[in-house]
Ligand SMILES: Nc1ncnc2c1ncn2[C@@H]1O[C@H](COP(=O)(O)OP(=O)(O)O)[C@@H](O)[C@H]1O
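Take a look at this one chain, the form predicted on its own, written out in structure tokens.
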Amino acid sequence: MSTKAIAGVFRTLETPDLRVLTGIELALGSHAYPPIEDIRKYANLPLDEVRFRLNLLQKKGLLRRVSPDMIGYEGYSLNYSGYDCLALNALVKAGAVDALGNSLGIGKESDVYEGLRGKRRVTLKFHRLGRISFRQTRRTRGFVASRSHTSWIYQSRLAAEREFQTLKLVHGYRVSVPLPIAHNRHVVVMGLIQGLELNDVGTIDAPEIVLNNILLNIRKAYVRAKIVHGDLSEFNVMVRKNGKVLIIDWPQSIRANHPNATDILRRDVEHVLKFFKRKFKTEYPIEQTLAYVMGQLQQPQAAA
């Protein structure tokens, strides 16, 4: 089910529906597929009411039922659609969002939509880990490395938390990132993301200016906020009409004191430099550029 379709389903939910979904979420702490009795306890509803709501929610595509033939008892688990409804309910109640609009992009690990907060346009990012392999996710994301069995939903929640906290930190140091507004579960609400993905930009009148702007923001994040993006490339830099940039997608960020921070920072810088060399014939030496973004030089120089 698409995220936009979820918004329509969400509007049909009643308070007992949301209590049952929340009951499943709470019971997931002790069961991969919570039994009905545990759901009833957390939802604080009569058993017959819980059974009725579970059947209704299953028909709406918000949860998964597992039969006794598979696990020895009748159990239920949330899917992303059900989790979306819980997050949207909390964000609406908090005044962080009033409406969900058109899709801004569907990626391997997230769905991004435009939304409204009052009259203000915002961006909602729904983290959806699980579109790449579990092994790759565990290898590249430190926040799940210590858990041998971690659900995709829980991983997505951690990714959203990390991204939101990182956005708050780097935005405070004037790094050009979306304005962090709120987050709940696996959803981050931020200022409207505008511009073209760097990879989709055809021509740039002064590529050196855009490249310098990107490097300046990498430097601010590293030197001031003590943060390394961790996954920087032409796919998560937005370029606006005025040539200014917006750096997005921060869930894989790491602290500058991380043992691998220098290597990961080098990788981020190399990705950007290789792209500008290939597409715009603008070349900066890697060692000098790395020294610049680490605060050891005042300005990188283009290669002769």
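We number the residues from 1 along the sequence you see. Since the model is a prediction, treat every value here as computed from it, not as a measurement.
One more form of this protein, predicted together with the ligand, exists but is not displayed; see below.
Within 4.5 Å of the ligand in the predicted complex, a heavy atom is found for every one of 193, 197 and 249. Only one of 85-93, 183-191, 72-80, 152-160 places residue heavy atoms within 4.5 angstroms of the ligand in the predicted complex, namely 183-191. Proximity to the ligand in the predicted complex, defined as a heavy atom within 4.5 Å, holds among 104, 206, 223, 216 only for 104. The contact with the ligand in the predicted complex, taken as any heavy atom within 4.5 Å, belongs to 112 out of 100, 169, 201, 112. Not displayed here, the ligand is kept clear of residue 212 by more than 4.5 Å at the level of heavy atoms in the predicted complex. The closest heavy atom approach of residue 108 to the ligand in the predicted complex falls within 4.5 Å. The ligand is not shown here, but in the predicted complex it comes within 4.5 Å of a heavy atom of residue 123. The ligand in the predicted complex comes within 4.5 Å of a heavy atom belonging to residue 238.
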